[in-house]
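Below sits a lone chain in C-alpha cells, taken as the form predicted on its own.
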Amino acid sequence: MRKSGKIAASALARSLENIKPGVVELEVDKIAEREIYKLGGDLSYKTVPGYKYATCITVNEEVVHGIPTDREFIKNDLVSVDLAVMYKGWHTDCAWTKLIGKDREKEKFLQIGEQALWEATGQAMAGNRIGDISAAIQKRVEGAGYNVVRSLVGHGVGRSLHENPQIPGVGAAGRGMVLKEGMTLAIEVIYTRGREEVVLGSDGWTFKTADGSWGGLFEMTVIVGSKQAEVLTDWRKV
C-alpha cells in the first residue's frame, strides 16, 4: 500500500503541474498513465468495467467520474484530477482540485475543501469512528456555506479499489464503525458551492451539479494509526 501510494502521489503531482491553459484533458491523462507505468504501477481504473483511462478529470460544474476528453483548459477553470494506482494487487486512490489562475472566491472554495480533507484525515485514529471523519468534513464545508454531496462517499481501499466501509461526508461524531489500527481508507471531500444535488451527464459517467454551481474534490488514501493517520498519497511531498 505504501509503494502504491507513492506512485499515485507522483502521478497526481505530475498531472497537477501540467494543468495549464491550452492543455487538453487527454494530455494530462497520458502524463498520469506514463508516470504510473514508469514507476512500476498499473492503472487501478482498468478494474472498473468499461473504463479505459488512468484518471477521471472534471471541470467547473462537474463533480466526479469525468471521462478525459480533448477539451482545452482555460484561465479560471476549476480542474479536478482523480486517479488510482494498483501495485502488486494493492490499490490506492487520490484526487485534488486546482484553480488555473487567480480568483478570490474560487481560492476560498478550494481552501475550505482542502482544510476539510486534512481535518477529516486527522480523525483516522484507532478508537475513533467513521462518524468522526464524516462530521469533520461536514462541519468545515457547511460551516463555510457550501454543501457536501450526500450521494457520493469515501470508502475502504486495499485489495479492491472500492471496499467497505463507506465514509460519507456528513454524519455525527461518535457514531458508526470503530476504526482499527492498520485499516486503509480513501477519505473524500466531495462538495459544491450551491445545492448538494448532482445529476449524471449524457456520457453516462460524469456527475455534475444540478444547479450548475462549482464542484470540488479532495481525496487521500490513509492508514489508520494508533495516534495519527499515515497519509499514503500526499502529492505535495513528492
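Bear in mind the structure is a predicted one, so any value in this text is a computation, not a measurement. One rule holds for the numbers: they count along the sequence shown, beginning at 1.
What comes next is about the form predicted together with a small molecule, which is not displayed.
Interface membership of K208, defined by any non-hydrogen atom within 4.5 Å of the small molecule in the predicted bound form, is ruled out.
For the chain shown alone, Y37 is not a contact residue for the small molecule in the predicted bound form, no non-hydrogen atom being within 4.5 angstroms.
Put simply, V28 is far from the small molecule in the predicted bound form: not one heavy atom of it is within 4.5 Å. Residue contact with the small molecule in the predicted bound form: V48 places a heavy atom within 4.5 Å of it. Heavy atoms within 4.5 Å of the small molecule in the predicted bound form are found in exactly one of 72-80, 136-144, 155-163, 102-110, that being 155-163. For the residues A32, L185, V63, C56, the 4.5 Å heavy atom test against the small molecule in the predicted bound form is passed only by C56.
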